[in-house]
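Shown here is one chain on its own, the form predicted alone, set out as structure tokens.
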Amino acid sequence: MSYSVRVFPNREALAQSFAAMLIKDLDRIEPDHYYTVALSGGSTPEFIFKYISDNYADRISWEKMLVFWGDERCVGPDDSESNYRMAYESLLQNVPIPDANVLRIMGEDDPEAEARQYAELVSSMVPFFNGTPQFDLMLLGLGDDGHTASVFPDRPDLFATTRLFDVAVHPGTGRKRITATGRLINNSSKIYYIVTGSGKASIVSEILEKKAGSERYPASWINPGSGQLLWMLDSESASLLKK
């Protein structure tokens, strides 16, 4: 796995750097083109989104951005578990992004049918590279069990399937989720893991230092063939990495 790591003193510094990189990327977008991004759920992305909403709402070219999701719980958009709701409340409702540029996964619909429908939507709006849609940016988080997006350790097949989105089941709750597959994730131009907190320090060190057994974690299976993989960590989540 080829990757780079950036460690920030705190979440605020991480969020500031992320916003700066986003502004730089959007400035490169030509007229009549869009920057395609797939969002992640989780508490750290929520903090990042809120920070951007509070400090960069008028400094980002939102009209150039098409917003998708890398995964979604199979709930309605008003449910407290909805990744869409989190992103909407922490960011999207507070910035001038056109409604038509926000393409959510319909978590309230039949999961298998929606996985197919969303794959078709992504395929119709995201430019292809190597025969697969290529997001400009895919945001990923890191679960305590090493899952990323909604690919859990018991589903290595989601990195072998030709599908773009599929249905997964959370091994603890039994609830269904719709998730991007390895084919789509690993085809992204940029993949940013955003991880904070001391609770993630152990698994971060396991994966990044390739310790014995780390290959069981889906987060270790991320390896974009022609893209950039960046781990953005705060000092707490990076505290167990060898200097």
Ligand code: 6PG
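Note that the structure is a prediction, hence the values are computed from the model and not measured. Residue indices: 1-based, along the sequence shown.
This protein has a second form, the form predicted together with this ligand, left out of what is shown; the following refers to that one.
- The closest heavy atom approach of residue 104 to this ligand in the predicted complex falls outside 4.5 Å.
- Under a 4.5 angstroms non-hydrogen atom cutoff, this ligand in the predicted complex has residue 42 among its neighbouring residues.
- Although the partner is absent here, residue 115 lies well away from this ligand in the predicted complex, with no heavy atom inside 4.5 Å.
- This ligand in the predicted complex is not approached by residue 183, whose heavy atoms all lie more than 4.5 angstroms from it.
- Comment: 137-145 is the region of 137-145, 117-125, 91-99, 155-163 lying near this ligand in the predicted complex, near meaning a non-hydrogen atom within 4.5 Å.
- In the predicted complex, this ligand lies within 4.5 angstroms of at least one heavy atom of each of the following residues of 62-86: 71, 73, 83, in sequence order.
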